[in-house]
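The same protein chain appears twice below, in two forms, each given on its own as structure tokens and labelled structure 1 and structure 2.
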Structure 1
């Protein structure tokens, strides 16, 4: 143990730390752990000390890790270590000051992966060298951009919230009142109840910035207010049943699905439009980037209304009876509809048939929700099951759980928390980190309300869950529910009127056409191999020959009598034979690969009696 070189030898590290705390402010070049030495000069450390100091620091860190019962996850520890390994040692400048963090900031791999856009597992189509090099350059650029974006994560100001029990304490047992008591005043003010027993049950909707809340009661009560400052924008009674309510692209416009028709109000409660082509609407969804209002009706139609020009883009006959379960996938703007036969169908306005149909439950579907990365879909059915499906191509259930009574309403938060309303109880499940699969084993939070739940939504950019029920509106505190750092140009809760106007113009200019809605929103940026091949085939047909074909081998003329016809033919044959051999070898290799694949397959699944009907 030659680690502690100072008079502090033998002093336990804790005391050492206290000393350091009491000490006057340090210079930046002074080592963190160097204890105060009598007569130590305030200048930069001399060279011979350097190495020892470094060692001390490392040792110290280890100690602190061991001693502290740290909340720092394994990941961050690993990150620190890797940074230390990468560093080539502090460099000295002319003044003698040394940069404690030389070089660019290290970027953890998993963060960079989040920003990566190109799927490297996909093989690029065979292309000419020029095109290939262009593609490679583009790929390298994307890589660099993803690293830069990951590096900029350092600048994010806010940390997400969390809720942790003491040892063995179940967080689900913690009541809202306890949370309200424990948090600061500003956060405590976010918990409130609106007692509106007269016009109940309520549906509610937060605006995209999370600043405004609109709610509509079954008996015609419609109101919108800034829920942070509790300033009322409008309150009206439409004298008709209200089935659903939704903000349009900004908080100035409100769509209300009333008993007969769809109405649009502004933020003062003035009716702007009555859309009679959308009648008996049960559910509303607004696709903010396409400016489309999707309405599902009792008559079994899914209608897309373009709110920027007021035209109906598509009216799809679903042929599945009354529609009253709808959700949008925020990742690709596909509408998910739940049906009474236990299927969920996926719709896009440009296709008359469903993009996919998933059989989810034995009974009818009660609620559907999709998380914001478009990876998971949660469904609940009349069979009292709650299931989470994978939406990345396979549509397989990832986890399932039977609830004592089925969940009537589901909602995902920005950080992947799943809330379910069952009768008058709201359960919330959480996963491991951001955008991970919520584990349905143990609820994260539960809360009992004054009446049965009728609407659920997590507030964007606030740790709040809004619940509409027959007794009014409840705003629950759910620590760690939402994204702490918003993007000012996308949806800014603190934006001024001018900023909102500017944003509105920009958003309208880049309105995505409805035809671009499909399962993979990145399809537009991928190489269209099919039409490329088709184009090539057509070209060959038109020209009568393949302009990109390799010319047949032509032996070079040689001198000194070695260019006789016989030798030319011989050389030609040699090359031909070689090419043939290569081809055979390649095809053999491919065959072997396929065989291996087939062999590898049956190990996972048990052989089934159905296998004999063809190897699918």
Structure 2
């Protein structure tokens, strides 16, 4: 049998239990204060016991009889202590080393200014202290958000690129086959042709995420599919002419302008609604932030349909004949209509008259397009002119070009590229980047199709241009056309069904009313001083008195006989006398200033030409 060894034969003696409990094992990151026993291991880390439980309980029992005010003051003291503890100090790691770069990394001022939305050069208007404090809090929050956005810009690794010719080579001579051979396999799969001559010509539309494509032919063919994976969603024949097609707020709903009425389908091709109040529709536009479907008809009516409640918001009689040219401004949701007299009119559902009218061409308008920033508008007319206008209040043409034949269709990309369809040829002009004016001198790319162009649209977040023509659908590769970095919370091409449902609920809660559509959306946050004064003047005339005028002085009631009638009258007279003295003093000061100005001029002197500047 094994026996317990005696103390003294090479075995250390047993220690007292209390002494063993008091001694704590040394952690590997702590400095060694006492020499460690040879061969002894530190052992597993133990949790520290809380020794302040009894003290806290006694403190609570002592302070139970205190008043509510003392409790509040102690709470504030505890909060102050916690705040002091949270102050950033020299951060140390487990090894004991100090961080050489404490705190967040500094952000350059120019980068943060790019994401700033509030102009701090303007002074805050005169307002109440409560309102001013709210404005200051909003400014501080906006400053913090702009700094966070500037920091997250480092994560945007994708950069836009363009075609560059070698040794002065013209990029317009580069064919689509050459681009497909030069790019990778995934990008080459984005170029394809659908031969659908039997049901053409076609109109097409991409969803907001850029993942799904819907197209409709003149002979009734309607289809929608995931063009990246080539998975067909639905395919039907409506047995009548299809004039235009649009996705609604998501790829699950589809609006089709047929020969007689407007029809709504789901992604399985099942007809959900037939809206007979929208008849003879020629063009469709969907406003995603307002959930409005704008329709232009042969009868000259512009109709706004709220798809969230199924109600027609406005039906405007344009009085300009057949409406066949329509585009929307993504910046302010204003609808641009082209007319046969060479003008373009801007419309809002809350106004019965056009917001503006622009004379663009000597002949009728064939196509209109507006870039995503709302800065430029491109128009083409029967006079074979292609013009780019400035929409920032001037509405003046910035550049113009004469084409061999009029461009029947125009489209802007996310990076400011302009595509024009002229017969069976598509020309693309490029600028210097986003929100820059496209140069119309030399085309960036040129491509010839199998038939006349009937519809154009750039795919969001993909360097792809979809073209609908009489021979089917063509997907062109256009390097540098789209925004490479997308906002996953706004338009996520890879979202699941559950994410799409959650986004739809959020978008409905944040829906913008149709009454807020105007030319300058930033003017909604400003105060219209002129109309405010006019309303105040009309109110005074209607009531016969000014309700916002200063109320007469009413003395407060006092005790111990000091609120008698005589004392009240004396106090009223005293206040009135003081106000009268202030008015007299102010008038005397103004008179003295006028006398000093008159004395400064010598009497009898000849008038000088510089006297006209005396009042400045």
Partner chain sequence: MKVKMLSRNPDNYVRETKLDLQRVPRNYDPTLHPFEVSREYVRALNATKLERVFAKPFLASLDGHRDGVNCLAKHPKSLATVLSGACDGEVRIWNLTKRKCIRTIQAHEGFVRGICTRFCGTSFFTVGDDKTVKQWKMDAPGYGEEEEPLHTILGKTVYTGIDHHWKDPAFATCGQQVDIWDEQRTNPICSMTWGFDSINSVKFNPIETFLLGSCASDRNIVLYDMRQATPLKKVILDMRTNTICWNPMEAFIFTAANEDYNLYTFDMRALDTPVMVHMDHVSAVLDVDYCPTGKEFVSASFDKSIRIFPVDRSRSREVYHTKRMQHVICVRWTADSKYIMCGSDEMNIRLWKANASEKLGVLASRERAAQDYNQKLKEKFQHHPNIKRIARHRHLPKSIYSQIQEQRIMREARRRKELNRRKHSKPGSVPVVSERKKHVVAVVK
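Positions refer to the first chain, counted from 1. The term rigid core refers to the most C-alpha atoms you can superpose between the two forms while keeping them within 1.5 Å. Only a predicted model underlies this, so the values are computations on that prediction, with no experimental measurement involved.
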Revision key, fill the gap. Lone-chain pair; form predicted on its own identified as structure 2
**Study point:** residue 450 C-alpha shift between the two structures of 2 Å or more, rigid core reference
**Key:** no
Review point. Core-aligned, is the CA shift for residue 101 between the two structures 2 angstroms or more?
Key: yes
Practice item. Please check if residue 136 moves between the two structures, taking a CA shift of 2 Å or more relative to the superposed core as movement. Key: yes
Practice item. Would you look up how far the C-alpha of residue 530 moves between the two structures when the rigid core is overlaid, in angstrom? Key: 2.7
Check your understanding: What is the magnitude, in angstrom, of the C-alpha shift at residue 569 between the two structures when the rigid core serves as the superposition reference?
Key -> 29.6
